[in-house]
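The chain below stands alone, shown as C-alpha cells; this is the form predicted alone.
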Amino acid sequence: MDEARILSVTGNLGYGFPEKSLLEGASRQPHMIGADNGSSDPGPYYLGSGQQLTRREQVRRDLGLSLAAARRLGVPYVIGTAGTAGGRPHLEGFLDILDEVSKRDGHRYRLAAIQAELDKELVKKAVREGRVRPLGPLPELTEQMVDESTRIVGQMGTGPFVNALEAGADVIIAGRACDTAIYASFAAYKGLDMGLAFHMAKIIECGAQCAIPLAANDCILGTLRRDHFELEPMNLDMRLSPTSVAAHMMYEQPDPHHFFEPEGMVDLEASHIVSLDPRRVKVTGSRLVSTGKPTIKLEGVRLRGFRTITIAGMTDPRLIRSVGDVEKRVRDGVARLVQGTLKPEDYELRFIYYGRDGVRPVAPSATVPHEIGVVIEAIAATQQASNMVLSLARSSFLHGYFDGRKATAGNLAFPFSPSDFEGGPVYEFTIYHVMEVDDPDGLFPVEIREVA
C-alpha cells in the first residue's frame, strides 16, 4: 500500500461534528475512520468513578453517524480510550451504546474489544522488580499505593490495534490508548513509515483543532504516503497553514520537537511543513527513533474523600481588603467547632477567589477589585462530614467580622438556593508512572466477536 487515507471525525467522540463534514470525508474514500473518546485531561474523577465525561445521547449521535459511514464504505472503524478513561466500566459502557446503535441501525460486523485495565498484582510485581519509574516529579510507586488505587489502566500503543486488524476486525473499541495509536496502527498494519504516521496521528487525533478557525469538533483527513503526509479539513469553510499545523505540536507537549510513544521517540527536528493550496498542507521529514526497552504508561487513582462546595460573591471593598483575615478566622472557627468530632487531618478546607487570584497566584496589588467571587470547598472522609465542614465555613464567612464592618447583614451574595452542593467522591492521581515490559501487547487482550 502506497497511500493510506485516514478520516478523524472529531477530537472526542461525543463532542459533535457537522454531518456535512463527515459526508465530505466519506466522499474521499478513506481507508479507515477513527475517533478518540477520552483523555486524562478531565482529571482523575472519571477513572475512579467509572463514569463518562460525554453523555450517552452525545455519543449515540456521533457514533451512529460515523459508524454508518464506515460500514457503508466497508472500512475499519477505530475508537480509542472508550468511555473517557478507558477502564473496564468505561469500555463496557461504550460497548453498550455501540450495541444499542448497531441494533437500531441493523449493522453487521466483526468487533474487537480491547481491555486496558491492569491487575494490581502485575503492577506490584513490576514495582518489586524495579521496572516502574515516575513520569515527572512524582513519588516512587509503592505496593501500598497500588493497593490503595481504585483502578489502574495501561496506555496501549499500536500493537493491540494491529492485532485486531489482522484478526479481520471491522470495528475496534479499545480501552485506554495512546491517542496516536488509534490512527498510526493502520499505517503499521500496512507497513508505512511510522515516523510520518505518528506525526500525522498526533495532529489528527484532535480532529480539526489545527484548522483555522480552530475546531476540535470537526473532521479532518490525513493522507499518508511513503515520504510525506497531507492534511485537509473536511469542513470547506476551514483551512490549514504551516503555522497552524506546526503550532499544534505545542498542544500539551513540553517539547514541540519530540514526543514519546511506547514504540519510541518521534523526532520532528527535520520536519518540514508547506502549503499545497489555501486549505491543505504537506509534511515531510518526521522520523521514529527507538528508545530501547518498551514502556507502558500507567494511570491510577485513589479515593481522597467527598466534596461539598458553595459559590458566593462579595462587593464590599473593606471585606475584599480583609478577605485573608476573614478566611483565617473562618478556618480557626471551624477547627474549634468540629473539635471532638473531626481531627485537623480529617478534612480539607479551600478558598478560591475569582477576580483576585482564582486562576493563579498573583502578587499583592494596590488596586482593589470592585467584586470577587469565592468558591469554598470542603473535602472529608464522608459526604456527611464534608457537608458539615462546608456548612460551618459558609456560615462563618457569611457572618464573620472584618475591620471596618458597618452592618450586621451577610458578607456574601449567593446565586443559588440551596447554597451548598454535594460534589460526591473525590479522586486523585497517585499513579502516573511508566512500567518497563517485555511484551507491551500482551497486557491488552483482544476479544473478537460477531455482531449481527
Partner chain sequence: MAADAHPLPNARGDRLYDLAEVLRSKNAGPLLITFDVILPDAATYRRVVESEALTPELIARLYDLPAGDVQIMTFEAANAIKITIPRKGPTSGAPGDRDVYGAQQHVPLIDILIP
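Source: prediction; values computed, not measured. Numbering follows the first chain given and starts at 1. Between two forms, the rigid core is the largest collection of C-alphas that superpose within 1.5 Å.
Missing here is the form predicted in complex with the partner chain; even so, the following discussion is about that form.
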- Message: in the model of the complex, does Val359 come within 4.5 Å of the partner chain, counting heavy atoms only?
- Response: yes
- Message: Is it the case that Gly424, even though its partner is missing from this view, gets within 4.5 Å of the partner chain in the model of the complex, heavy atoms only?
- Response: no
- Message: Can you work out whether Pro42 and the partner chain are in contact in the model of the complex, taking contact to mean some heavy atom pair no more than 4.5 Å apart?
- Response: yes
- Query: Do Asp96 and the partner chain come within 4.5 Å of each other in the model of the complex, heavy atoms counted?
  - Reply: no
- Find the only residue in Arg88, Arg133, Arg108, Arg350 having a heavy atom within 4.5 Å of the partner chain in the model of the complex. Arg350
- Task: Taking 4.5 Å between heavy atoms as the contact cutoff, choose which of Ala246, Leu337, Met145, Val75 touches the partner chain in the model of the complex.
- Result: Ala246
- Message: Please pick out the stretch from 66-74, 43-51, 22-30, 407-415 that is in contact with the partner chain in the model of the complex, where contact means heavy atoms within 4.5 Å.
- Response: 43-51
- Query: Counting only heavy atoms and a 4.5 Å cut-off, does the partner chain in the model of the complex sit next to every one of Leu319, Phe397 and Tyr401?
  - Reply: no
- Which residues in 364-403 have a heavy atom within 4.5 Å of the partner chain in the model of the complex? Ile379
- Yes/no, Thr367 Cα shift of 2 Å or more between this form and the one not shown with rigid core fixed: yes
